[in-house]
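This document opens with one chain alone, in structure tokens, the form predicted on its own.
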């Protein structure tokens, strides 16, 4: 079987309106992919930058997959959260990006977005906090119903990924 190694890190985030950010991440693959080692999902620590608007996480990612086909190539989905001074967590943004299909070192910038809700929900959010969240998080990477959402741009998440492909040439895939 062909193998894919993803080795890297979630470097950090910038452009979000709040500090004290952390990131929940996960990876989604098709049915032909089998995780041999590593964690399918995780969460970074909270970073509260004092002098800039950039949150640094340097959270490691180390995954090893085996596959019988290219269908369902891995996608990394992200949820960026803000923690306030009372320890309450509220959503700052959702995003996803495809894992690069070429071997080597890659720097990715993943744009994020958040649901806006109605004007009443936006007004309540400015006074009380919180805000709308997705009921089904798979909408982040599936795209089937995402076009119907009323969203706004959030910040960006930076990733560094090293991709190693093994035995793909035996299955007719040139790298």
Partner chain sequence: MATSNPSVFLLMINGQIEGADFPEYDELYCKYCFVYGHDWAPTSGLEEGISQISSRGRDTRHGLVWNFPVEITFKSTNPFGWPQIVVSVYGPDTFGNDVVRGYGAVHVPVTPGKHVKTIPMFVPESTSRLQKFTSWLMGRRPEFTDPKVIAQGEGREVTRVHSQGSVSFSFNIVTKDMKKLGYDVGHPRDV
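Residue numbers count along the first chain shown, from 1. Since the structure is predicted, the reported quantities are computational estimates derived from the model, not experimental observations.
One more form of this protein exists, namely the form predicted in complex with the partner chain; it is left out here, but the text below deals with it.
Shown without its partner, this chain lists 70, 111, 39, 149 as candidates; in the predicted complex, only 39 has a non-hydrogen atom within 4.5 angstroms of the partner chain. Although the partner is absent here, residue 47 sits close enough that one of its heavy atoms falls within 4.5 Å of the partner chain in the predicted complex.
Mapping the unseen interface onto this chain, residue 54 counts among the residues with a heavy atom inside 4.5 Å of the partner chain in the predicted complex. For the chain shown alone, residue 162 is a contact residue for the partner chain in the predicted complex, at least one non-hydrogen atom being within 4.5 angstroms.
When contacts are judged by a 4.5 Å heavy atom cut-off, residue 166 counts as touching the partner chain in the predicted complex. With contact defined as any non-hydrogen atom lying within 4.5 angstroms of the partner chain in the predicted complex, the contacting residues in 2 to 26 are 3, 5, 7, 8, 9, given in sequence order.
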